[in-house]
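For this one, two forms of the same chain are given in structure tokens, first as structure 1 and then as structure 2.
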Structure 1
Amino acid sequence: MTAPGVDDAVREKPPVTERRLHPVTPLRRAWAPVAVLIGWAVHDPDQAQRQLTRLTTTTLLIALALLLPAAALYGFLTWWFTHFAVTDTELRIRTGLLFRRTAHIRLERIQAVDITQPLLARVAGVAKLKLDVVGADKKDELAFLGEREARALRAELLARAAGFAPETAHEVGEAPVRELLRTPARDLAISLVLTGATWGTLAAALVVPPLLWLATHSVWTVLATAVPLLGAAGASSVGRFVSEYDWTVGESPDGLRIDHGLLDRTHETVPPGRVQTVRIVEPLLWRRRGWVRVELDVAGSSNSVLVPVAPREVAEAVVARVLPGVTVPPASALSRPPRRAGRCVPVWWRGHGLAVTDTVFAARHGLLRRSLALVPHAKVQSVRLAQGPWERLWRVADVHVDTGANKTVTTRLRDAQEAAELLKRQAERSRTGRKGARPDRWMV
């Protein structure tokens, strides 16, 4: 005989419903066998050419007739044997045709859920869901889902990660977004033209190949050098424009939303409380226009750019949303190293600066391309002092601040006594900062 109320306590939970990916997914996965053949041909082009010359037209047609159905069958089977399900505590992904793999992603370990849409995926109305998880070296992904399903699943995962009950997580929906910044395409194009890296790679691509031809008269040597240089020049100019086109930053309860991309559209989230360092970068040719670039170090995430280009006051307003309560120190508040530091680093010592406020450790470096790094005291994992023999002679030292994103911010060439005092006080500020820090939770 069962006591009253026990039935409710021991009531079985409803079975977990497993779902499949979008039916268009087999078309993506069918390319795997073809990609293997292409990779072999690229790896050993001479051998591939010899093998092709031995084959007759009939043999090639028969090979294609066998390869295409085999590729289609492979794509279908990998899609058929891939399932995912959301339970009360985890996202479960089962994959594998011959060797089965089950990933158990605990919801409270999720740091970011991003949606990406390559060009063909946008045409097909599907999207890829990428998950940043604490302790994972690479992102787990679900590719592909219907666009609406991907957004609904993302909202559900974030709601459950925030602590909403499973029965109400479906009702939360996608959090509203308030736009903070949108980068005009004209400003983005001008900023790339005014970036030294763009002209540097382009100049190298135009100068180095002719010099190699004069030295070696080898076409393969010239091509092996020119193609990567041209690719780098394109990536630093056209590639960045395509990637950062229509860059939009919006604020929502689950963090800052970043949408960007001309061909491949990406929807990223900067997780609240996970930002370890913010860098405000100011190239030389941008200063007349008052433009800056804002970069991030986020623990366990690949997000690295917050604002590609914007006026300084606009960028600082966005930084204030990422680091609540933090004010960017003005240039006048940054103290330079002592003049004797010029004996260690001539001329360039003037580009270094330091400011420590109640909330952040701020270090600047660079003369032509200034970069100001802001580290909240609560995010400092360790502090180190380094002093080489030449620095010891001139009584200067470097102070290194390590963050949770496995990155280091360094203030260089400080007076040795000042550096020792800074080491001691920064360790104390970090301890007190962590005590008063807000929890790294979603939607709180």
Structure 2
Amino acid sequence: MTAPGVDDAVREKPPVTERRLHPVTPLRRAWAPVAVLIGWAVHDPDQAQRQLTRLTTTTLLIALALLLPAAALYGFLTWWFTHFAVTDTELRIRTGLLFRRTAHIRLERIQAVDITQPLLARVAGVAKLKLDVVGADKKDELAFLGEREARALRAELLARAAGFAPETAHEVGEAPVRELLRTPARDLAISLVLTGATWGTLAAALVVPPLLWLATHSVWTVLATAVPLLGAAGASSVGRFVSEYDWTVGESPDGLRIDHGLLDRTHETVPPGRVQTVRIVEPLLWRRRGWVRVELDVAGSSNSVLVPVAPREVAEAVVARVLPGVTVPPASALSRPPRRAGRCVPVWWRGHGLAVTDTVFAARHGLLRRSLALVPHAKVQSVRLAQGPWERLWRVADVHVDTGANKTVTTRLRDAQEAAELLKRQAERSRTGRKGARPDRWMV
């Protein structure tokens, strides 16, 4: 440590150490040509079979002998030419054999950090690391890294994004996690049994193919509908159970930690102040048990579940931690649209409700499956009032609130006067709501 000026000058060209991904990566990449072949075979099975019968064993062996080394070489070369480096302000990923591509991901723009481990990767002891940034590509993930390396890198990235000095960011290490909630497997299973969508897709998968068989007597038509339907049924029941198994929500100075999965493990970290909207969903059959599901939106992140199933009080406590200073308005605090709104939306108008507190804009919709969306005022990007001709006749209007995660929260069928007032007030609130917000670098 000399004078600051000298120190800065030295840091002008920091010796950025570029690193490579884990050496098992080529194996994954080597699958690409094989996957193309399989894709082709599935796409056009008749043609594939005809081609296969024409091939003799020798040609097959020669093709394999050529293809496998070629695939291995391709995998090796893409691995060899992929580098990544962490600098003071960004994560840099250089890839490409023929077409070079460098992604610069700015650390203070991080919306979330995901570490995912598919089943095979767990066996091999490796993990994928992905930074969720607005507009990030699927290609910008680091796959694969060693398990421990991935964790260390996540800790370092978060420390730098939080605003720790670059020299100390290495040593900060993992922030301690306090567990907020863990979903028992039994509750998860019951909740899935009590979900209408599970039964709906299952019924469709069991009913539609036999009917089609009676109508067409064509094996291919039946298969072409049965396979996707069965897939959807499996995904909405078993698939959801497997992916939401052992759902753990934790809190740390680095933000929210969400870990889940039975076979594929996923560890997501959402830094403070990144949550744009939170939705509390209450399906009809869960109501007797007092269970809710909580969904969240983070810009650039694909995960949208915060709590798959939990008692209402527990879920509200988690929401209060996720959106600091926010209390979920109780059902009694929500104001319904005026009675005449029933002329626009019969029966279902009763499901709509609105509550605006100092911190959030809360809009509910749905009669059987209630969904309450919460938007902190600081996260509102723009406000719109819309009114169709029929709504004008009955003097009601809709107010849309747009947020940064490309989600729009709408409160429908408000009294026209009230809606105009709401538009004005909401614009005011979203402008001033920002003042109390935390900085992007949350540790500064």
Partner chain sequence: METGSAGNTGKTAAAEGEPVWTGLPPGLLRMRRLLLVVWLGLLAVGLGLLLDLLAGPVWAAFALLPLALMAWGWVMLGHNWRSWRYAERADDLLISKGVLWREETVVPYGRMQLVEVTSGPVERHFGLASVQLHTAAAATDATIPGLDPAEAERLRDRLTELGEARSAGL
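Source: prediction; values computed, not measured. Residue positions are counted from 1 along structure 1's sequence. Heads up, when I say rigid core I mean the largest set of C-alphas that superpose within 1.5 Å between the two forms.
Of the two forms shown, the one predicted together with its partner chain is structure 2, not structure 1. In the core-superposed comparison between the two structures, residue 339 has its Cα shifted by less than 2 Å. Here residue 110 counts as shifted, since its C-alpha moves by at least 2 Å between the two structures after the core is aligned. Taking 2 Å as the criterion, residue 288 does not count as shifted between the two structures: its C-alpha moves by less than this amount when the rigid core is aligned.
In the core-superposed comparison between the two structures, the CA atom of residue 99 travels 2.5 Å.
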